[in-house]
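As structure tokens, one chain now follows by itself in the form predicted alone.
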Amino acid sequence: MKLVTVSVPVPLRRTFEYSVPTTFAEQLVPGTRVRVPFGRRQLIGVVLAAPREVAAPDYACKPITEVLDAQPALPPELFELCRWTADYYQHPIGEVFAAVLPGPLRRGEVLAMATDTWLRLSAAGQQALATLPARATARRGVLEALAIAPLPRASLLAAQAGAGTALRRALAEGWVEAYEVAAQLPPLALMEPEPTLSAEQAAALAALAAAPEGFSTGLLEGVTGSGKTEIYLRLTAQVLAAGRQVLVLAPEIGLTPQLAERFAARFGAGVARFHSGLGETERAQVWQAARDGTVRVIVGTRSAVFVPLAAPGLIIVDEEHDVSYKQQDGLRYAARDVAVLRASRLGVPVLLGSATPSLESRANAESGRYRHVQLRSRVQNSAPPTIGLLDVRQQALEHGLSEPLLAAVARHLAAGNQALLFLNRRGYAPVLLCHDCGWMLPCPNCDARLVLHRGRKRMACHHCGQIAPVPKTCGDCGGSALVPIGQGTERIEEALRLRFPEARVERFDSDRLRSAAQMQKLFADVRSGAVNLLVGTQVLAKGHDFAGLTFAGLVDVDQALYGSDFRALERMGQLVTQVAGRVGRAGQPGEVLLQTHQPEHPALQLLAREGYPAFAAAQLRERRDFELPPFSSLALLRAEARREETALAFLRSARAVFPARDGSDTPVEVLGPAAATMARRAGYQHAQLLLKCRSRAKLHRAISEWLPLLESHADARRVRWSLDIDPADLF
């Protein structure tokens, strides 16, 4: 009999064997979707290998129910990429396929080939054309155009104003016949003139284009406003002219529309978006269009790294440093790293772009693994904004804002410019405090306090989503003296409206921006100059070009200086630099002030005095001294249970069965177990075990030996646990 190996979307690190009915044998190639029985359910699985002839096994083997694809849903290259992802991130292969396939394909639906509607003149239409009166100009125009040759429906309607009604009449009369053909791309043409490159841009483009044929990794480090996007567009034009496709990754949905618009404005049709904000059907259509080659450029968020490509030519990762490229649950992959691996397997170049490259990318550039190209000046030839440290010790603060900061805002508004205040904390105040006894409203599920959201009249936990009404009296003493302590963006917005009543103040955070359309409208108002004062979180920190913005104030930079995660300082430096990069982009002098109670902190001093490159170099030296990434590799085993001791007991058992050290000079260090920084979240106690090794290969070998022991351990059934390879956060 014949058996075939199938992966199914279940959280098990194993595959399953099914018998092959004779009628299906020729259709079962790797990457093909099949419907299979699994317990009492029918699941959609993916074939992992061609069927093989075996002797009858000594166990009952269920047959495949249905083959869903005439051609594999996952092309060979994408199929192998999924297998590598499952292996590297130590994740069940069936769940990897389920994460990569669009929703309709996961459910077993069959997507039709993308088609265009074409029109042709029928015999009845030829007769009608000979008898139509001259005054029937619209109908005659439709029939005369189709008498020359069939046309796409969209082309006919675009060429003839008011042809819609005439076409509907012609179709109803049977004069015109509609039919479907496989969708085709329109001819490639530049839709807008290319701007003249600066000398620095031209040199950077030449350096990147001089890379050898095939795979290479380029790191384009350019200060904000230096024209990195134009470099992306020029390289894309070269790839498209060769008949290839380009995949462009952006870190967040909010940045995808404007990036896609830049590409569509330059290249017209054939530019598609791919992100979770689209409906499942639309995502599936883009996925298939990319696989079929009927889109040239795909602009998307991290999940787009798994979009199939018919003719890949270039992969671009914009803002490559951004932590949003790391998936934080389920399949915990890093899209930037997968993009580099995918490009190497495809034999195409990958370009990583950022004003503040990650320390990992910077280390690869210094070692020569990446081609490092820099843009040190802005296209407008304007000086970078000055960055000043504003010592707020012993100063009176109005809702967290010092008088020198407010005076700077007033000065820039009086000059007719825009100002931005940045605080990476939404809500009105992080704590509601009883002035009489010190009580603070806790989250019932987390080791955290509920945050006051005054505008929405509620308290909310930013970790588990718990919602509660705003209390009128203290939960301990019954007093009514409840005082908001600390600042969020909502409170800063209120304070600025009171201080600058003549200015239009707008807040940009996830509470305020509920839809992509709302976000784009507000950004358009900023660009038009209708908004004078911007208040926001990291939504404002990257990728936006506001010509009238000349001032940025960071309300609180101290929260990152003593963070428990070793990456806290790196991210602080990136955030400060990115916010500063929004300022003075149109050539005006820019000013940035950082409010701090730690003005002597060496990291802040270095960042303000010498900029991000010097700051990053110092951070790299520290990482090397302490053997932290990128000079070592990490993996984090997380466990959660209702009781802390249950989670810790599992991790102690996990440590006990970890493969013994071999006495080499690159041992795998096992650190912990320990409670997470925030131990209780969403009603569960969280703990973790950290693995560290200078050798990535050795760490992965040890984990591969370790996981089967974990899965078979009795304690593994008492907790929820996950393994995070190359964790972005230690919490």
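The first residue of the shown sequence is 1; numbering continues from there. Note that this is a predicted model, so its numbers are computed, not measured.
There is also a form predicted together with adenosine-5'-diphosphate (ADP); it is not shown, and the following applies to it.
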In contact with adenosine-5'-diphosphate (ADP) in the predicted complex (heavy atoms, 4.5 Å), from 373-381, 633-641, 174-182, 388-396, is stretch 373-381
Can you tell me whether Gly573 touches adenosine-5'-diphosphate (ADP)? I mean in the predicted complex, with a 4.5 angstroms heavy atom cut-off.
no
So in the predicted complex, is adenosine-5'-diphosphate (ADP) close enough to Leu197 to count as touching (4.5 Å, heavy atoms)?
yes
Quick one: is Thr224 in contact with adenosine-5'-diphosphate (ADP) in the predicted complex, heavy atoms, 4.5 Å cut-off?
yes
Using 4.5 Å between non-hydrogen atoms, is Asn445 touching adenosine-5'-diphosphate (ADP) in the predicted complex?
no
Heavy atom within 4.5 Å of adenosine-5'-diphosphate (ADP) in the predicted complex: which of Arg332, Arg262, Arg83, Arg497?
Arg262
Heavy atom within 4.5 Å of adenosine-5'-diphosphate (ADP) in the predicted complex, from candidates Gln201, Gln619, Thr217, Gln288, belongs to Gln201
